[in-house]
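Before any questions on binding or motion, here is one chain by itself as structure tokens, the form predicted on its own.
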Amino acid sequence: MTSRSYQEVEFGEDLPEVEVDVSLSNVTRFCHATGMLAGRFMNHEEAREEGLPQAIVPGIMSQGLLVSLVHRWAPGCGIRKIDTVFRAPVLVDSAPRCCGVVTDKDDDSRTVELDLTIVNEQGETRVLGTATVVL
């Protein structure tokens, strides 16, 4: 992929949606890599014992999925800031999608503001956030 230039970006532009892999095996791999070894992330039964419907995706992994969305859209960009709100857990072994839209451009700093979301199969927003991206 080639880098996006600031001039190419349009206000209101949608980032291409990405279906992300939150299978138990992928989440477990992430948890071992980060040392986040809590059962609620890697074991459906342990998650249920904690009152959850099934294992959940760690919040930091959800943020990483959103960062990945941004870098697929604009390879080589710098992410100056990302801020997320976790409305509800992203469930392991579900089929969420990451989405984004350009909500502002600043010509002086050559930065772009993005609204980002992770939605589940029912179209419910589970994670939402904003990012400031330097192009």
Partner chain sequence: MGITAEELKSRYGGMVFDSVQVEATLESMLEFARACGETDPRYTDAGHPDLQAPVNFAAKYHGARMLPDDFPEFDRRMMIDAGKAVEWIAPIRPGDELTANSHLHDIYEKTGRSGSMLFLVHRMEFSNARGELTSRVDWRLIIRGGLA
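Residue numbers count along the first chain shown, from 1. On a predicted model such as this, the values are computed, not experimentally measured, just so you know.
Missing here is the form predicted together with its partner chain; even so, the following discussion is about that form.
Asker: Name the single residue among 43, 84, 103, 94 that comes within 4.5 Å of its partner chain in the predicted bound form, judging by heavy atoms.
Answerer: Partner contact (heavy atom, 4.5 Å) among the options: 84.
Asker: Just one of 47, 61, 99, 90 has a heavy atom within 4.5 Å of its partner chain in the predicted bound form. Which one?
Answerer: Contact with its partner chain in the predicted bound form is made by 61 alone.
Asker: Is residue 79 one of the residues lying within 4.5 Å of its partner chain in the predicted bound form, judged by heavy atom distances?
Answerer: Within the cut-off, so yes.
Asker: Contact between residue 110 and its partner chain in the predicted bound form at 4.5 Å, heavy atoms?
Answerer: Contact check for residue 110: no, nothing within 4.5 Å of its partner chain in the predicted bound form.
Asker: With the partner left out here, check for me: in the predicted bound form, does some heavy atom of residue 54 sit within 4.5 Å of its partner chain?
Answerer: No, residue 54 sits far enough from its partner chain in the predicted bound form that none of its heavy atoms falls within 4.5 Å.
Asker: Considering only heavy atoms, tell me if residue 37 and its partner chain come within 4.5 Å of each other in the predicted bound form.
Answerer: No - in the predicted bound form, heavy atoms of residue 37 and its partner chain never come within 4.5 Å of each other.
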